[in-house]
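Next up: a single chain in structure tokens, the form predicted on its own.
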């Protein structure tokens, strides 16, 4: 087995290699003045199982192209298998057409990865489960909910805690998390009245009065929806609002919005690297290194 990493997550790559008790494979990334990328694989991979880590953080398209070129380089070196480890799979929010002429970007990314030469994929909390069906190779879609629940359970008064889904689309994720904590679920739903197409009313299924509310979601980008959901929950009587997010993209002014919100603590994973300058007092990072290393070890044991 050989473990390699692109340029996206050096700290996570180092942690995974440590968990695997192995050294990272040698790969040299070259970027030409016009922006083109070239990759030189230094270690031999012939008849080896290759695992390559690259998350799709900003700049997203550069990270995707870098991984595709690495996979192509591996494929031309006769490995036994090539498993891409992509903790955050960008474009997975687009798994269907909303209008007649829409692209299905998630399918395009799956096609590109498979055409490049992957024989398997390990990822974390796909935004849409349908994305798995776009691949004709085995997909392991890890869930961070167990990571969050194991970390939070000792800190909670279970009898006074609820899990909140910020929208109907996140209800399945919230129910899974709530089952692990053995607490009730509350679901927020946006309803647009027929007589007022420009306004929305948020309805709440469940009760947060006097409760410790924990919002769980897969992605936070600009932070607007999340902050508004936390504000509403607080207004409905919750005594404390915490948040669990797998992929903390934190675009634009998201960190400032969260810092100035009613959110008390925001638990995030390192599926996307967050610059230390952004990590202020409300944020706590949980690493997915052991989850990924465990999956690699299990695959190698088969």
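Residue numbers count along the first chain shown, from 1. If you're wondering where the values come from, they're calculated on a predicted model, not measured in any experiment.
This next part talks about the form predicted in complex with a small molecule, which is not shown.
Of the listed positions (190, 80, 153, 75), a single one reaches within 4.5 angstroms of the small molecule by any non-hydrogen atom in the predicted bound form, namely 190. Distance criterion of 4.5 Å from any heavy atom to the small molecule in the predicted bound form singles out 219 from the list 142, 232, 113, 219. Looking at residue 179, you'd find every heavy atom of it more than 4.5 angstroms from the small molecule in the predicted bound form.
In the predicted bound form, residue 223 approaches the small molecule with a heavy atom inside 4.5 Å. Contact annotation: residue 127 falls within 4.5 Å of the small molecule in the predicted bound form, judged by heavy atom distances. Although the partner is absent from this view, residue 132 stays clear of the small molecule in the predicted bound form, with no non-hydrogen atom inside 4.5 angstroms. In summary, the region of this chain contacting the small molecule in the predicted bound form, judged by heavy atoms within 4.5 Å and restricted to 211-219, 133-141, 100-108, 116-124, corresponds to 211-219.
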